[in-house]
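The form predicted alone is given below as one chain in structure tokens.
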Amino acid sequence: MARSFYVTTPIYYPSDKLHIGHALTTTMADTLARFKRMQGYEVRFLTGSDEHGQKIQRKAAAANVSPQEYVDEIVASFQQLWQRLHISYDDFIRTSEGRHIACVQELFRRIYAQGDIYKSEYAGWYCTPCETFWPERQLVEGACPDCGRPVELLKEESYFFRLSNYADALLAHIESHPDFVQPVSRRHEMINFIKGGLEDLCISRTSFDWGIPVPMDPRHVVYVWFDALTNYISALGWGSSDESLFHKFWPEAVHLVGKDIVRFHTVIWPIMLMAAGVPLPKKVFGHGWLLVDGGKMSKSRGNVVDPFVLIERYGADSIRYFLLRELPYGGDGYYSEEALRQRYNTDLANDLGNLVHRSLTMIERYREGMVPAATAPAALENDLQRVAAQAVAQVEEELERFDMGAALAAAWRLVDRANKYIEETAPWNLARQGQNERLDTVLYHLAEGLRILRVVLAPFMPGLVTRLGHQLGLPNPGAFPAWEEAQTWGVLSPGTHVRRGEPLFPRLTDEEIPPEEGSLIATGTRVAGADLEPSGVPADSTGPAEGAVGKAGRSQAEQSPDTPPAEISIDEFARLDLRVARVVAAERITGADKLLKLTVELGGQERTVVAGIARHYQPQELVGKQVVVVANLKPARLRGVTSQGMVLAAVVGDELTLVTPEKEIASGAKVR
């Protein structure tokens, strides 16, 4: 019988569209749900929308629609966002649904029958945008301490819930169940809060009617928190004629929430359940905030970031990776688009994407795309296998404690080790030296490492499963793997046909190519040459730099893609001396992350050529390769190195490949 796992997010308030901070909690929950499914658990993943309250009623009136019509449109955008972000929820609960309304009323009746609900009068300062009452002592210059907006003094008849009756029982539960509130810092906060004394809670309102009627007094509607928190059991059928889902999943319930609503989930919600005789959830995990410009991201503050825009720009897997990697365990994370781009380029494009592209390129180049059999693993292979096993175990361990950032860091140790393995084994040298058995072993280990990474990264970046599955030639590339598939080395069958395809994460560049990156244009495809620097103009200058193609940076044709390049005569073309050259040495240039210094042999003489290809090729990979150079280009200095030519490369989007002869030909051969 499969073990059960129930994970929930807060249900989100449809006063406006969601922001990237909401996506954080939901992505965390989705990652856990996918991980547990991979482990063989029967999973229930719940999210939804909290649709009642005065703010919704006022906004609907301002828009001249009913509250239901107002929330229907916004909730549809919630569901669209979760689809775009690959959120695999099993149920989406709406508090306006009949199943939820019936459950809330039943819970209210049971607690009322216990004598823990009574009617009285409430007076307090109310912030409508935050749906929160504040004592006067907590106001900041007469305004809401959270969003800074005006508050209004409300006085009305209400029902109250006696929280204080259960303070001792709740403290005893927290102390006897140390994992109930996590991380530990949140647990200590809640213990101190309870020990400070609990006030009775207002749980009904009469000043608006968009809500669930109190069953014994329909003039009142249930106040939003009592209503909203109940979604976790209403979605499981508690109090209905069929409680099978409740009995199966509730004992394993885990609530993921932001730290600002931990108090509602670890004090108010457990006491509601205690009063109704319902068991408490297994765990409440309160994660930190995603901060922007030094403050919490919220719709009330007006500093939100639209996730649809980010997904369109960077892709869902990239956004998921950033959110999960940036949030420290129990602490706050920081959002900026600059940080997002840096994570994308460094971790996804350079580390993971380059590993996949280089590995599959070499299998295609040296073995016609067929994964060879490993014959004689040596110490380096044993170490790669050891790191892979450790990474899988640590990812699992960190996910069990909900530390997403540490789990991804563990996975990246395998990414880093595999990249280092390429440098240590130098497959290009093995191929040139005819060490075929050794080359087969290295190429197999690279492919198998990618297979394991596909499994390990699947919960975090589910879109990677199908894409990398196709590239690795797996028999069912779209099928989500079982976690145990990462725990065994050697599963990938020799003879599997890989397909390099497009880069998984093409490197992002600025809208304008920096001055040191010259370019040639040929029929809509940019052909990138060496980075040019004429004498007297520094390579990092922001001013124009003259080179063989006119202005360095984007040519006029590239700046205006609808304008075709100007025609040239055959005589003008004949002025270019294009030659085949062989790379005999390659090295990086200190302080220039885009540049490589190449030594090429050209018809019996050696030249130095500086090329802006360091993000696409490793120096060792180029040694022995034949390339095409512009041999009669006027020398130019780049970062202190004199470049005596230009290496040609074709570029489509962010993919770059050097222009090379179809077959070996004598160095110095003229290209016509």
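Note that the structure is a prediction, hence the values are computed from the model and not measured. One rule holds for the numbers: they count along the sequence shown, beginning at 1.
What comes next is about the form predicted together with the RNA, which is not displayed.
Mapping the unseen interface onto this chain, K420 counts among the residues with a heavy atom inside 4.5 Å of the RNA in the predicted complex. In the predicted complex, R186 approaches the RNA with a heavy atom inside 4.5 Å. Within this chain, R313 is remote from the site of the RNA in the predicted complex, having no heavy atom within 4.5 Å. Not displayed here, the RNA is kept clear of Y118 by more than 4.5 Å at the level of heavy atoms in the predicted complex. Residues with any non-hydrogen atom within 4.5 angstroms of the RNA in the predicted complex fall in just one of 371-379, 385-393, 224-232, 452-460: 224-232. The contact with the RNA in the predicted complex, taken as any heavy atom within 4.5 Å, belongs to Y122 out of Y122, Y89, Y126, F180. For the residues G258, P506, P213, G473, the 4.5 Å heavy atom test against the RNA in the predicted complex is passed only by P506. Every residue in the set Y13, Y334 and Y366 has a non-hydrogen atom no more than 4.5 Å from the RNA in the predicted complex. Residues P328, D332, Y334, Q342, T346 are the members of 310-346 with a non-hydrogen atom no more than 4.5 angstroms from the RNA in the predicted complex.
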